[in-house]
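Take a look at this single chain in structure tokens; it is the form predicted alone.
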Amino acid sequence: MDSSGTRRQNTRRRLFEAAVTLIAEQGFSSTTVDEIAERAGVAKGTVYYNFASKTVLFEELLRHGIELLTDSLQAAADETAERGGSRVDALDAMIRAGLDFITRYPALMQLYVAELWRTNRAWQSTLMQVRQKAIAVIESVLREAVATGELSAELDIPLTASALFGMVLVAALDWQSFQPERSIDEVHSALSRLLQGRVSGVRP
């Protein structure tokens, strides 16, 4: 990538980070483009040069964030498969990857949860599409586990995938908000035990 492309990428990253932090703190409606520009350390015109409007910036922010999470989940599954691990091992690795991601981007995930239930937003369709991509990664591993006999053929794959995704998201946000003294290893261990005991039927 040339220097101008690198600069634009860095500028967009700063705008993303500024926007997600401000909107998580004070809400979408209360956050102004001036504030986003100031937090990012750029001119107001730079925001509009990169994004047509605050709404477009926010939509791209959500898309970008959940796509990063999806990539993290897929990488965890792929790395487990390369090591010869089981599909349940892959699910466990995905839990850890999800916790790691939320630890790095807590404001983004708080924002995602807040926006998930607001059906009147212009970006709702985009949010549902990128959420489904993340869920689909988990569904794929569950299907493989059922096909190989690791998990029961009676498993409701779409619902179980959504439950696992939600479990990690809510547990991580609850941990950071109400039990910050716990380590990520403790949280992962607790969720791993749930996975092993409640999903696969194998006691740890």
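Owing to the predicted nature of the structure, the values given are computational and were not obtained by experimental measurement. Numbering starts at 1 and runs along the sequence shown.
Same protein, other form: the form predicted in complex with the DNA, not shown, and the subject of what follows.
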Task: Interface membership of residue 160, the DNA in the predicted bound form, 4.5 Å heavy atom rule - done: no
Task: 4.5 Å heavy atom contact, residue 42 to the DNA in the predicted bound form - done: yes
Task: Interface membership of residue 196, the DNA in the predicted bound form, 4.5 Å heavy atom rule - done: no
TODO: Indicate whether the DNA has at least one heavy atom within 4.5 Å of a heavy atom of residue 63 in the predicted bound form.
DONE: no
Task: Whether 8, 50 and 54 all lie within 4.5 angstroms of the DNA in the predicted bound form by heavy atom - done: yes
TODO: Work out which of 140, 176, 70, 31 lies within 4.5 Å of the DNA in the predicted bound form, going by heavy atoms.
DONE: 31
Task: Residue stretch of 131 to 139, 42 to 50, 167 to 175, 150 to 158 approaching the DNA in the predicted bound form, non-hydrogen atom distance within 4.5 Å - done: 42 to 50
